[in-house]
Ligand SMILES: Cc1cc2nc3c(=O)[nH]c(=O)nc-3n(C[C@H](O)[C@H](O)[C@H](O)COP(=O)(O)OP(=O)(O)OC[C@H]3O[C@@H](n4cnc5c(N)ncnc54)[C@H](O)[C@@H]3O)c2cc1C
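We begin with a single chain expressed as structure tokens, specifically the form predicted on its own.
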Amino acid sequence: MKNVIIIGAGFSGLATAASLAKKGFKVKVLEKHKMAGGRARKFETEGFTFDMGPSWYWMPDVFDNYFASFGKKTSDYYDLMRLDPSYKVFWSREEITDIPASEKDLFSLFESLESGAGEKLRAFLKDAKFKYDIGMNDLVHKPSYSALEFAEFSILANAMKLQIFRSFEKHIKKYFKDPKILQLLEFPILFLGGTAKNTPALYSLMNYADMRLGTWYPMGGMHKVVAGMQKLAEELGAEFVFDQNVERIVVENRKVSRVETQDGIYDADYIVSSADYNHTEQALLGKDYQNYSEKYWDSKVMSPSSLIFYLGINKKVKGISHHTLFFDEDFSAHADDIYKDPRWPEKPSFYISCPSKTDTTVAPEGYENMFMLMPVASGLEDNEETREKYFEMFLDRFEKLSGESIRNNIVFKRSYAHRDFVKDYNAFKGNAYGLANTLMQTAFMKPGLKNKKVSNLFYTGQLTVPGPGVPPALISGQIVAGEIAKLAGVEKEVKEMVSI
């Protein structure tokens, strides 16, 4: 059995662990924190259970396919509920829109906003489904070592339809004119790491994920998905060692021989870093073995960081849904403050997740569990004064738009932003989501998943292939596991056994 050490137990590390354990490798996961999950950790206090990071469960097929590859179902590990409405949007105090789960109701909503938009949405989603089917079933599963991987006939034949070289903005404006519709379609792009102007139209696949595949919630919180993935990996033989901060990766004769933590030394035949790619190279590896320089990393366009407030409210809050978006300010100006001229935004959009609207287990009876989030440029100075300024702004706007006062009902509050992402995850520039999905940072133009100078060192997660987000991170782990199996000759052995 070949020994594999995986650094980090986020979604990509968990997926790598289970996939390699299934293939017969001896897998050990070293995790800095007391629990698995990475950015999807949880914390509990005063009767509240807070998911620390991801709060949207989109692309349920990716999770279904993942568990199915082990002969399992998601329902073996957690229970899902589809949200209806999927989310609520405040445009102003008088203009509030619930985004329905039903396609029929969604077409009616678009028609009410713009004459003819209902039928145009049907055509738009048909095109988005085409992109989703190719993008999520083919493109994202490639290791992206070179452009030649994308030279398959099926991909080349559909290259124009995928609209990789057309902007998302131009694409959606071909169908719609109403500013509210445009904003509804653009908001998922903000978290991909770009504006509608510089993101390829290919990513309308996100709208298909949103509007047709739906918004779901794992009962108990997003960390239930983490717990399920960890349990599956352990069932397959993977071992997890927590409170292990990796301090050094030792290379001998162009091969990693071991990793060192504060508590000990771990030998390995293969190493997978699910930790921050930049940190792995710049802090854990010797300079001679790095794929990329600091200059290279500084030239990269990053997805946003986030300013988050975890709040416990000692009453039930009316007027909001499980997911609520506040789009009462200029959305495009906020996007420019993230990507065009990085700075703390003057009039930001923000978002509230209130899982206690769906799940009574995450807050004491009669209370609400709230999570306020604002996407903000990576690399900014982060201090308490700035955090409090935005907290007061959020409360003012929340109370103005919803008509609900919560200031005097906050019984728990915790903030989280750039410096916390750096401290907890060694996140490059305090980013929350990884690399931006710009055209020049797509597929083989992302940082490679294999070290070019060390034969048995791989990278996985949101700073490499296929990109940011929970489903891509999960897929990233599967890709790396497949590449290690090929290198070790395991895939060849399996094929030979099958042929016999």
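Numbers follow the displayed sequence, beginning with 1. Just so you know, these numbers come straight off a predicted model, no measurement behind them.
The same protein also exists as the form predicted in complex with this ligand; that form is not shown, yet it is the one meant from here on.
K.L.:
From the candidate stretches 432-440, 445-453, 42-50, 64-72, select the single one in contact with this ligand in the predicted bound form, where contact means a heavy atom within 4.5 Å.
P.N.:
Stretch with heavy atoms near the partner: 432-440.
K.L.:
Residue-level contact is defined here as any heavy atom of the residue lying within 4.5 Å of this ligand in the predicted bound form; does Pro466 satisfy this criterion?
P.N.:
Pro466 lies outside the contact set for this ligand.
K.L.:
Going by a heavy atom distance of 4.5 Å, is Ile308 a contact of this ligand in the predicted bound form?
P.N.:
Output for Ile308 is yes: heavy atoms within 4.5 Å of this ligand.
K.L.:
In the predicted bound form, does Gln282 have a heavy atom within 4.5 Å of this ligand?
P.N.:
Looking in the predicted bound form, residue contacts with this ligand do not include Gln282, since no heavy atom lies within 4.5 Å.
K.L.:
Give a yes/no on whether Phe350 approaches this ligand to within 4.5 Å in the predicted bound form, heavy atoms considered.
P.N.:
No, Phe350 is distant from the partner.
K.L.:
Can you pick the one in Ser146, Ser112, Thr361, Asn245 that has a heavy atom within 4.5 Å of this ligand in the predicted bound form?
P.N.:
Selected residue: Asn245.
K.L.:
Please identify the residue among Ile410, Leu182, Leu373, Met219 with any heavy atom within 4.5 Å of this ligand in the predicted bound form.
P.N.:
Of the listed residues, the single hit is Leu373.
K.L.:
Counting only non-hydrogen atoms and a 4.5 Å cut-off, give the residues of 54-78 close to this ligand in the predicted bound form.
P.N.:
Counting only heavy atoms within 4.5 Å of this ligand in the predicted bound form, the contacting residues of 54-78 are Pro54, Ser55, Trp56.
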